[in-house]
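In structure tokens, the next block holds one chain alone, the form predicted alone.
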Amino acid sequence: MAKTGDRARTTAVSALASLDFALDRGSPVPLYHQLAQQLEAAIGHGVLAPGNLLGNEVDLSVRLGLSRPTVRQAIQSLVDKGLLVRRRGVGTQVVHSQVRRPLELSSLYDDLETAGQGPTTEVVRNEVVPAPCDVAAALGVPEGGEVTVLDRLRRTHGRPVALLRNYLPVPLLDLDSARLEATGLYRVMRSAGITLHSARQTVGARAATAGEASRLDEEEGAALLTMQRTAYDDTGRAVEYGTHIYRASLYTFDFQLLVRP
């Protein structure tokens, strides 16, 4: 029976063999950067999947007709981005493709599932609490009134990528933890007849606390992306207030900017 590592190597070799590296030696763009870009694109499109091994630098340099330092620099740039990892006794391995999420009113779960990122959810907290002043203001409820707070840890391919905290008015819907671990919050809301219409959203960044770093498999002080969002239904009612944090090494927001006429 083939070992798991042997299967990964075979898959990676066949995946690399199917790639058509277009390296322009006359371009001002350095060869290592061209190679890194094309490897990153292959990872992003799933041609090179998490767990695939790339083989050693000597084999790659011979196959591509590049110097070993050029190949090493290309690989190191993707290691620095967190897309590849060097494992002793194993070789260079694909870790993941970075999550790229559009800035629109959508569910993280739906976006990850559509992108083939294999999302899973762990419900850490699901309880009714008095509304803090910022939550009360966002949801239009009395300060100290009852709201449901929901904390979830979202993973892709088994790796933690985000900590999600959401507050919702208690009468809105029944939030069953088992169901929330099987699907996304917005799907649960839609199935309850809630039509999401718009949202106000703020994106920022800060350093991870010790507790956040432990849950997200990061170092304390690592860069995190932050997002605060208040979502409204088609009647204008505030139905959800979220404060989320994301690993900056694994996650980006995509913006589309239009020129105002």
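Rigid core (definition): largest C-alpha set, two forms, superposition within 1.5 Å. Here the structure is a predicted model, which is why all the values come from computation and not from measurement. Counting begins at 1, following the sequence as shown.
Another form exists, predicted together with the DNA; not displayed. Remarks below refer to it.
Only one of Pro132, Gly91, Pro169, Pro160 comes within 4.5 Å of the DNA in the model of the complex through a heavy atom, and that residue is Gly91. Contact with the DNA in the model of the complex, defined as a heavy atom within 4.5 Å, holds for exactly one of Thr202, Ser67, Thr209, Thr235, namely Ser67.
None of 217-225, 54-62, 194-202, 39-47 except one has non-hydrogen atoms within 4.5 angstroms of the DNA in the model of the complex; the exception is 54-62. The shortest heavy atom separation between Arg86 and the DNA in the model of the complex is within 4.5 Å.
Interface membership of Arg165, defined by any non-hydrogen atom within 4.5 Å of the DNA in the model of the complex, is ruled out.
Interface membership of Leu31, defined by any non-hydrogen atom within 4.5 Å of the DNA in the model of the complex, is confirmed. Contact annotation: Gln73 falls within 4.5 Å of the DNA in the model of the complex, judged by heavy atom distances. Once you line up the core between the shown form and the other one, the Cα of Leu224 stays within less than 2 Å of where it was. Positional change of Gln76 between the shown form and the other one reaches 2 Å or more at the C-alpha, relative to the superposed core. After superposition on the rigid core, the Cα of Gly236 moves by less than 2 Å between the shown form and the other one.
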